[in-house]
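There is one chain below, alone, in structure tokens, taken in the form predicted alone.
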């Protein structure tokens, strides 16, 4: 039986492990942070093929500079003496153009729609439930200006074959019968979905163990090579043989890239979430609160609030001011009482691996025949995980690929 080592046990790495195990491979996942502290467990849980605009887009730079002046804003770039950060920033600035958006949208549409279909198949086929629901996504705008910007996004989505409905306040209110809507309107994407990410990963790891997948709390510090192929991985004095390796280390992937001999430009985009009882915010449809960049996701009897993008490397320190900004957002959009910021112990923090052009890195590592990179999804890791796993498995096994991965190649 061929042996695969997956470096990284977040939702991308774990889903890749599932695909490889189902393809007949013996899989070992190496991750010193496997468990609730990882990047995937506490995210917003949204499956959003509607998101075809990459992070690097026109207007992002100007808005980001304005937000830098507000300690409770959803964005922060933490300066540090790291040449990689400044190379990342320079590449981001070059990528934030309308032309880049137009070139990227078709590729993001293809991988997003594939992943959306695969999530539905997994929900029907896996022997555990994880709260997968097809209720769409509402981009909720408090102001007329915010709504006008979202209408432009809706037109782009429609040009690429995605359904988008522009709604006034009454139209939004019809979607939310249990809570007053205080917003100018919104754009509703009925093709989107959501799930409970923690529930998915807990159920998945029970299932993976039944398939013989092994997890090791290793921090990989070397790759064993024979010609152009990896034949194993190392962690200190320990080694593990491999016929293929998957690099899915999230925000820690740049260090793995250096071990492999190439630069993988990624920044950890720190985000926070916390979860309330649904009574505090009785929404039915997942929403992104446009002006505040806060995600609101109903999860059964709970509702999760998630937000912020702090470019902070691998620093997972919690900034209470950013958490307070998330808590302050919902009453601006819904008729609900003020939400008290939670205690620090009740806040989840994760690092989303962000590439400078906003596209994930999926493909063979430069100079290697059997090392596949699967990282850089930014806030879209959960949404794109099943499609990424299909591509990873196809690249390793040589089976036909469902979409062209060329736009996502790591050496682009």
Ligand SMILES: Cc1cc2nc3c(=O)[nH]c(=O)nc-3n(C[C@H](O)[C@H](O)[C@H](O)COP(=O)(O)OP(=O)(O)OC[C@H]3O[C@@H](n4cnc5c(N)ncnc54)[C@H](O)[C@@H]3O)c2cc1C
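In this text the structure is predicted, and so the values were computed from the model without any measurement. Numbering follows the first chain given and starts at 1.
Just so it is clear, the following notes concern the form predicted together with the ligand, a form of the same protein that is not shown.
**Student:** Please determine whether residue 356 contacts the ligand in the predicted complex, using a 4.5 Å cut-off between heavy atoms.
**Tutor:** No - in the predicted complex, heavy atoms of residue 356 and the ligand never come within 4.5 Å of each other.
**Student:** Can you work out whether residue 361 and the ligand are in contact in the predicted complex, taking contact to mean some heavy atom pair no more than 4.5 Å apart?
**Tutor:** No, no contact at 4.5 Å.
**Student:** I'd like to check something about residue 172: if you look in the predicted complex, is any of its heavy atoms closer than or equal to 4.5 Å to a heavy atom of the ligand?
**Tutor:** Because no heavy atom of residue 172 falls inside 4.5 Å of the ligand in the predicted complex, the answer is no.
**Student:** Contact with the ligand in the predicted complex for residue 186, defined as at least one heavy atom pair within 4.5 Å: yes or no?
**Tutor:** Residue 186: no, not in contact with the ligand in the predicted complex.
**Student:** Sort through 268, 307, 286, 330 and report the residue having a heavy atom within 4.5 Å of the ligand in the predicted complex.
**Tutor:** None of the other options qualify; the answer is 307.
**Student:** With the ligand left out of view, choose which of 44, 27, 365, 387 has a non-hydrogen atom within 4.5 angstroms of it in the predicted complex.
**Tutor:** If I apply the 4.5 Å criterion carefully, the residue I get is 44.
**Student:** In the predicted complex, which of 157 to 165, 237 to 245, 271 to 279, 104 to 112 comes within 4.5 Å of the ligand (heavy atoms)?
**Tutor:** Going through the listed ranges, the match is 271 to 279.
**Student:** Under the 4.5 Å heavy atom criterion, name the residues of 245 to 263 that approach the ligand in the predicted complex, in sequence order.
**Tutor:** Result: 248, 249, 250, 252, 256.
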